[in-house]
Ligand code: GLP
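One chain follows as structure tokens, the form predicted on its own.
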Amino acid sequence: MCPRVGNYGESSMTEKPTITVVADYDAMSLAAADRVADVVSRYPEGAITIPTGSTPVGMYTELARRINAGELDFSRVQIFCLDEYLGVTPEDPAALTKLLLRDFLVPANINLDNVHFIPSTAADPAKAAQEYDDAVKAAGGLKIAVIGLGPNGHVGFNEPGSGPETRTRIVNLTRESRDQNAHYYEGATIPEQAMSMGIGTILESEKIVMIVNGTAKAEIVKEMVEGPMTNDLPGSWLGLAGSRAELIVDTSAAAFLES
């Protein structure tokens, strides 16, 4: 039986996470970019983590525009990648890092010396994962964590069964997640394991922003917000962050939420 701590909206914190509903994907992307820009402007050397996938692409486009226009300075920001398939390099056919390079790091001219890539090819992955977590702490902890929500409720690659105590580690991927991610790559085989920043690591961030869009995510958003916090739905642990957390969703993803 997975633990049930209470509803997402019944956080033990004094204040609840903020739920911001916006008109569409573009508005969600702009709002997320605003949140990142605000944190970076206050902590120009701060550590952040950002996701891969299709959801954050609009946010990355706007951030890159601001950086290249001189409106936002990312020159000293320490970027910690959220996850990567185990054993792959950015040159491999299926690599999350390749997506991040394509969608943000290269267009925004980010200094790669400031990017902490997941040590997915380390000889001792478990030790490397612990060292990665230690590096986040050494950098002063995350100032902001931008995350998405998978169809099965995963965050990063924290699949169902992941609790709020989890740290950066090796995870076994569900068939659902592997099938979902296969469309990013033409014919490439998706590995069965990945290395992912843990829920506990994410929850320690000074600010957490979850971005979700589309009708396909409406049911899982409703379950996350209105159901119990449980390992069955890792995204639900966002409720433990209280007022440090914000869920930004478009109207399609928010369609089933009670007003």
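Quick note: we count residues from 1 along the sequence shown, nothing fancier. Values in this document were obtained by computation on a predicted structure and should not be read as measured data.
Keep in mind that the form predicted in complex with the named molecule is not shown, yet the notes after this line are about it.
Residues P164, S205 and A245 are none of them found to lie within 4.5 Å of the named molecule in the predicted bound form, as judged by heavy atom distances.
With the partner omitted here, the stretch from 124-132, 110-118, 154-162, 67-75 that lies within 4.5 Å of the named molecule by heavy atoms in the predicted bound form is 154-162.
When the named molecule is considered in the predicted bound form, T49 lies well away from it, no heavy atom lying within 4.5 Å. Interface membership of G214, defined by any non-hydrogen atom within 4.5 Å of the named molecule in the predicted bound form, is ruled out.
Contact annotation: S54 falls within 4.5 Å of the named molecule in the predicted bound form, judged by heavy atom distances.
Although the partner is absent here, G148 lies within 4.5 Å of the named molecule in the predicted bound form, judged by heavy atoms. Interface residue among L86, I144, L105, L82 relative to the named molecule in the predicted bound form, by the heavy atom within 4.5 Å criterion: L82.
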